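First, one chain by itself: the form predicted alone, in structure tokens.
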Amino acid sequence: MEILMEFGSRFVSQLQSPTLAFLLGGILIAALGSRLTIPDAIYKFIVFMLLLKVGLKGGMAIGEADIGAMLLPAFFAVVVGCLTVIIGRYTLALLPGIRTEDGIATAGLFGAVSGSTLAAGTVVLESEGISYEPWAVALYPFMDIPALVLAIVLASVYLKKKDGTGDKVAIWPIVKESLQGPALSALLLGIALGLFTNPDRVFDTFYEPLFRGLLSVLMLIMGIEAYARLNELRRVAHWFAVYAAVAPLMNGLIAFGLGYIAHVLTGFSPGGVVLLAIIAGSSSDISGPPTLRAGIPTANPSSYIGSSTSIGTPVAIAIGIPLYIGLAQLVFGA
């Protein structure tokens, strides 16, 4: 009982962090009918800046890291991304009132990664003094790309069987579309610049000081957007709302378990385990939707985008991040 009370206390304290407070604040003012809006161009610029900063830090760390230590966490990231899609294909897609392609697209979006959730997670970990391998942010594409590719392949196979055609599904165009997405492009650009150049001065004087302020604005925008998207979610089956509330935590806990195995076998840090869980619990909010719209055009965007934005992302940030940190403190005793 004492352990549970301590866990609950830590969980509540995490909800009071500035990062999560801005997200909840955005939801609150939208619910109260505020007309506050922030231009989409500003939103995209903030996301680009945050992911570029995260990528720069990761790239600089990769240059100094033991590549062998990254292999098992990277493999587990691929496993979680694919497992999320497979679970969605054979649970959500088979529930009554849900079209199979809608269920697969939703699972694909929840298997992919949210750059904003990743950025929020790094800030919360750093504010709590929880260290992690800086290269852990580079696990993003290892989870994101396989999830999107597998979702589009499964949907394509299903639709071709349904139509009676047996055409092969081309994999490379899907991978190329994912790599060219704005979020993943910004992150990979930052990693490359951090790895092959010496951006220390501009990183320390420009990106680092701006990071928390930009993130707070992003969380406010996402809170407003989450509430606005609720109307879209009401138009589709209620099973999407249930999935959106459960999937982020389920995916995060699976990743936490695999991260613990990597901790035992390779010394992957507790902070790295938490960050892997945060990545797994997120759902793509930038590059994933256009990739799925192009790859699964028959899927209803209200189902997968509404599920992710209105419920999935708030759950991943407001509940998932404190949950994984509290669980790590309980498991690792730190």
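Numbers follow the displayed sequence, beginning with 1. The structure presented is a predicted model; accordingly, all values stated were derived computationally and were not measured.
Below, we refer to the form predicted in complex with a further copy of the same chain, which is not included among the displayed structures.
Contact with a further copy of the same chain in the predicted bound form holds for none of V80, C82 and Y90, as no heavy atom of theirs lies within 4.5 Å.
The closest non-hydrogen atom of A74 lies beyond 4.5 Å of a further copy of the same chain in the predicted bound form. a further copy of the same chain is not shown here, and in the predicted bound form it never comes within 4.5 Å of any heavy atom of T100.
In the predicted bound form, a further copy of the same chain lies within 4.5 Å of some heavy atom of S185.
Interface residue remark: I319 is not counted as part of the site for a further copy of the same chain in the predicted bound form, having no heavy atom within 4.5 Å.
The candidate stretches are 141 to 149, 206 to 214, 92 to 100, 258 to 266, and the one lying within 4.5 Å of a further copy of the same chain in the predicted bound form by heavy atoms is 206 to 214.
Residues of 26 to 45 that come within 4.5 Å of a further copy of the same chain in the predicted bound form, judged by any heavy atom, are I29, L32, G33, S34, R35, L36, I38, P39, A41, I42, K44, F45 in sequence order.
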